[in-house]
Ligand SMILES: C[S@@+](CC[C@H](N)C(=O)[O-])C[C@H]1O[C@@H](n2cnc3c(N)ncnc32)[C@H](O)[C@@H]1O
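Only one chain is shown below, in structure tokens, and it's the form predicted alone.
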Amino acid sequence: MIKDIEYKYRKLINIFVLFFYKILRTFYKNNNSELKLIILKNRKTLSEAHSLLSENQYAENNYGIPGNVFLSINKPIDSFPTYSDIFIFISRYLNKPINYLEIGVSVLKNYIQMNESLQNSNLTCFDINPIAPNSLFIFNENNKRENSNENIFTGYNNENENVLSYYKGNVLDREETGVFRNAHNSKFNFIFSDALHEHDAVITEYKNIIKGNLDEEFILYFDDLDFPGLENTINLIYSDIKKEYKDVFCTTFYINGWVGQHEKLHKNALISTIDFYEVMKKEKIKLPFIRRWI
């Protein structure tokens, strides 16, 4: 009885939270024509992806997806920007071909969109899970690098000429991340951190994979600053990066995640050698509670 009441209470609270964010989104209308085209393309890509993970597959391996998010994983999402849309938009400000790393790809929902929109890019995944079964078509498991670790898979997007790679490993394991760094000896200019959302885990991930692995011009993006203590963690990382780079900026804002309007907005941080706070103003990109850290 008590559990039933608690469930109904949480469900009611969630309805009010989603309604609040729905109202909030109406105050942020984006009229940037390029971003609109990116959103249309990404929604088309997702509609063609069909089921990213079935109930039976989820029961066997949840790929780090909370139950409430899984219920919406395959639902259509509206035209309010997601971080996937913003990634593609801001990537054009890098002056080199994109060398992208996503840490914590889960079922590759974001990665699939990046692969469809970017061209002539290197797109790398790092995740503790095997490749999600419904996304195996992206990679050719028989095309492993010669003499490489058996957990590294490669693929190629013939249409967009993207080189794809997937590394199955633990971000907290120095030996496994060391193997990864040796296999990918070129520095990344776009890294998306979306694995474990705890202070110690994010700091370890930063030390094991990110630190010393950023190009001279880069974008470093963190999701879910709403998690307890994570904003302070990102501030520590930002402070450390500023010791190495003369000009580096951090912008935070709220934005839709994987399942769009079906969950609350996420607080995200964008650390870069490019001042994206000014870019957003110039490009008239409106995101809730956007601010620049000092």
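Just so it is clear, the model here is predicted, and its values are computed rather than measured. For every residue, the number given is its place in the sequence shown, counted from 1.
A second form of this protein, the form predicted in complex with the ligand, is not displayed here; the remarks below concern that form.
*Asks:* Is there a non-hydrogen atom of residue 138 within 4.5 angstroms of a non-hydrogen atom of the ligand in the predicted complex?
*Replies:* No, residue 138 is distant from the partner.
*Asks:* Might residue 184 be said to contact the ligand in the predicted complex, defining contact as any heavy atom within 4.5 Å?
*Replies:* No, no contact at 4.5 Å.
*Asks:* So in the predicted complex, does residue 64 come within 4.5 Å of the ligand, heavy atom to heavy atom?
*Replies:* Judged by the heavy-atom cut-off of 4.5 Å, residue 64 is in contact with the ligand in the predicted complex.
*Asks:* Heavy atom to heavy atom, is residue 170 within 4.5 Å of the ligand in the predicted complex?
*Replies:* Looking in the predicted complex, residue contacts with the ligand include residue 170, since a heavy atom lies within 4.5 Å.
*Asks:* Can you tell me which of 120 to 128, 213 to 221, 153 to 161, 91 to 99 lies within 4.5 Å of the ligand in the predicted complex, counting heavy atoms only?
*Replies:* Looking at the partner contacts, the answer comes out as 120 to 128.
*Asks:* Which residue, 180, 188, 80, 83, has a heavy atom that falls within 4.5 Å of the ligand in the predicted complex?
*Replies:* By the 4.5 Å heavy-atom cutoff, the listed residue in contact is 83.
*Asks:* Quick one: name the residues from 192 to 211 with any non-hydrogen atom within 4.5 angstroms of the ligand in the predicted complex.
*Replies:* Read in sequence order, the residues that approach the ligand (within 4.5 Å, in the predicted complex) are 192, 194, 195, 196.
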